[in-house]
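Consider the single chain below, provided in structure tokens and representing the form predicted on its own.
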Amino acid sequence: MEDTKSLLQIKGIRDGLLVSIDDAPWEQQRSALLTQVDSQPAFFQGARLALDVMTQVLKVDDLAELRDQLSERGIFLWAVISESPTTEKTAQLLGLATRISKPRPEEARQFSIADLGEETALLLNRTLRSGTRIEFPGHVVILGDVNPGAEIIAEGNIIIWGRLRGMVRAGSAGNVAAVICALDLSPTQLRIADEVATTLRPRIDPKPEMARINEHGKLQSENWSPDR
């Protein structure tokens, strides 16, 4: 059986996830997508999904079946992009969008998903520019900067190997044990669970810092060292 990952390309876009398929038969594509979803439920749970089906000619029953199967798994299919007028009309009949905002070239790079047993981490090897929004049901690791106007929301920890200047929220589902770490911690807004910190001004001599909720329930930052 052909590797299901070879049939699909998954990218992060401003409005959620974009799944692009190749020219294999539709039933094979549908099966590959559901297999991928079932293999990483924590990653896909609650996702907004746009589907690029290229030249596939799909009828109402085809898309309605997939929409319902994704919905059963907690995934919202909101858009279908196609080069086929028939498929485009089908999507419109089902109330699905047929156009999405094009991501910047750097936003279109494929990201990595690490399976950590019961936990999942999203690794992005790039700087997040203004207007970029990342939301993930696990940990998020950024190898780059987070610029002002960029936003990260994670149910787990957020680790930034670079400068943090944007908005970040860790423990978004209420995990007060989540932490936010950065080599330069100067966000426009920092939040863990429901605790919010005021703007942290850029340091003259920045050092790696970790933000966490202390034993008194207050959000604080401290030096970040590997043994923590």
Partner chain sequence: MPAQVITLTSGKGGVGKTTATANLAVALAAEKSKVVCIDGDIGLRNLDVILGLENRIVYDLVDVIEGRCRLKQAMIRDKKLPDLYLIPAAQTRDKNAISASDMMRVVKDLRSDFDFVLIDSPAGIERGFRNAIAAADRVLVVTNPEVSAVRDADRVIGILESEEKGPAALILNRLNPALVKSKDMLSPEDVLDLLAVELIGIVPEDENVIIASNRGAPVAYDAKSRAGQAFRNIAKRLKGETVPFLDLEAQGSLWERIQRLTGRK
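Positions refer to the first chain, counted from 1. All values reported here derive from a predicted model rather than from experimental measurement.
This next part talks about the form predicted together with its partner chain, which is not shown.
Taking the partner from elsewhere, every residue among A64, S130 and R163 has a non-hydrogen atom within 4.5 angstroms of its partner chain in the model of the complex.
Only one segment in the set 152-160, 136-144, 67-75, 83-91 has residues whose heavy atoms sit within 4.5 Å of its partner chain in the model of the complex; it is 67-75. In the model of the complex, its partner chain sits beyond 4.5 Å of every heavy atom of R30. With a 4.5 Å cutoff on heavy atoms, R48 counts as touching its partner chain in the model of the complex. An increase of at least 3 Å in the separation of the C-alpha atoms of N157 and A47 is found in the model of the complex, compared with the displayed form. Compared with the form shown here, the C-alpha atoms of R133 and G46 sit at least 3 Å closer together in the model of the complex.
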